[in-house]
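The data below hold one chain only, encoded as structure tokens and taken in the form predicted on its own.
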């Protein structure tokens, strides 16, 4: 089968533009692997989430005797619950987005070449040696321990040997850093390797991270304004009953976000802010009426992340009220006059777009820099930061209480 130019480009970049809809399909593994020279993300470790229905238990309707099943069906007549005022607004918001989402998904289903390619790339059976066999470090618990100020991470850097020849020879330097409340820069020509409590971590070149709780977030503010950031991604641990029930990660009271120093982090020549938000209407009201005005963001544009299975089908019913198979991103500018003539070095946001990908672990989002590069104002390459990060990217600053979470070597293999 002949491979089309777009698919060939997708193999190289991890970004696939679908014809006619403005929708984009992303391959997060391919995007991430562009960040590494000596290691690669293992697809089976990234796509560890199962989309199969859980095995049936004793007592399920299908395993009960037919007469009991019929009786239960006669007794079960669920009445549709009337939506309250907030839920009606949320439903109206969903109905407004629905045609765009359906159009994007239809364009994916029609692209047989892409679907065939996907089934091969996500169906890997390769596993890293310790995948699933050892428990990972819980940085949230470690960071709140009385021992936190004494924890150190040892990082092994490879640097060119001063007297080395053109073929390349390296000095290996090991340095220990305070793991918490300390800004750590990975100044190396390629990825570095960290060791902490018998776990191994792969750190992208020129990445920077600060592992702290909310009290120390202002340590990120640059010393000079021209060191500000042009792309600011915020993925808050929104208050959510489902998350609390699963104990997936600790949540944060929404009003705490008002005190994030987003304005101080933004580059004076302009910054694109990206905020991940759930589908709860209460959050939308808070974000639109309080949070974005406090941060100095005006007229945000909505993007949608539509989650699909490896066969292209949605991970759930599009109209299921409390479990929509999509999340939203609000994008807007800081320190940019969007009413003025567009700058020559970036493109202004124009209307909503749909991003599709196969999701990884719970709450893990696809990388966005390559997709959004044309919309980022200011100098090139842009300076980028992620708040509430759970992984690292080359050239990025990452802050949160677990930015090393997905840097564990169990997600990687050597090239």
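Positions refer to the first chain, counted from 1. From a predicted model like this one, the values you see are computed outputs, not experimental measurements.
There is another form of this protein, the form predicted together with a small molecule, and it is not shown here; the text below is about that form.
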| query | finding |
| --- | --- |
| Residue (of 183, 83, 140, 109) lying close to the small molecule in the predicted complex, criterion heavy atoms within 4.5 Å | 140 |
| The unique member of 347, 38, 364, 370 whose heavy atoms fall within 4.5 Å of the small molecule in the predicted complex | 364 |
| Residue stretch of 195 to 203, 210 to 218, 173 to 181, 267 to 275 approaching the small molecule in the predicted complex, non-hydrogen atom distance within 4.5 Å | 210 to 218 |
| Contact label in the predicted complex: residue 16 to the small molecule, heavy atom within 4.5 Å | no |
| Contact test in the predicted complex: residue 149 vs the small molecule, heavy atoms, 4.5 Å | no |
| Distance check, residue 25 to the small molecule in the predicted complex, heavy atom within 4.5 Å | no |
| Partner contact for residue 10 in the predicted complex: the small molecule, 4.5 angstroms, heavy atom | no |
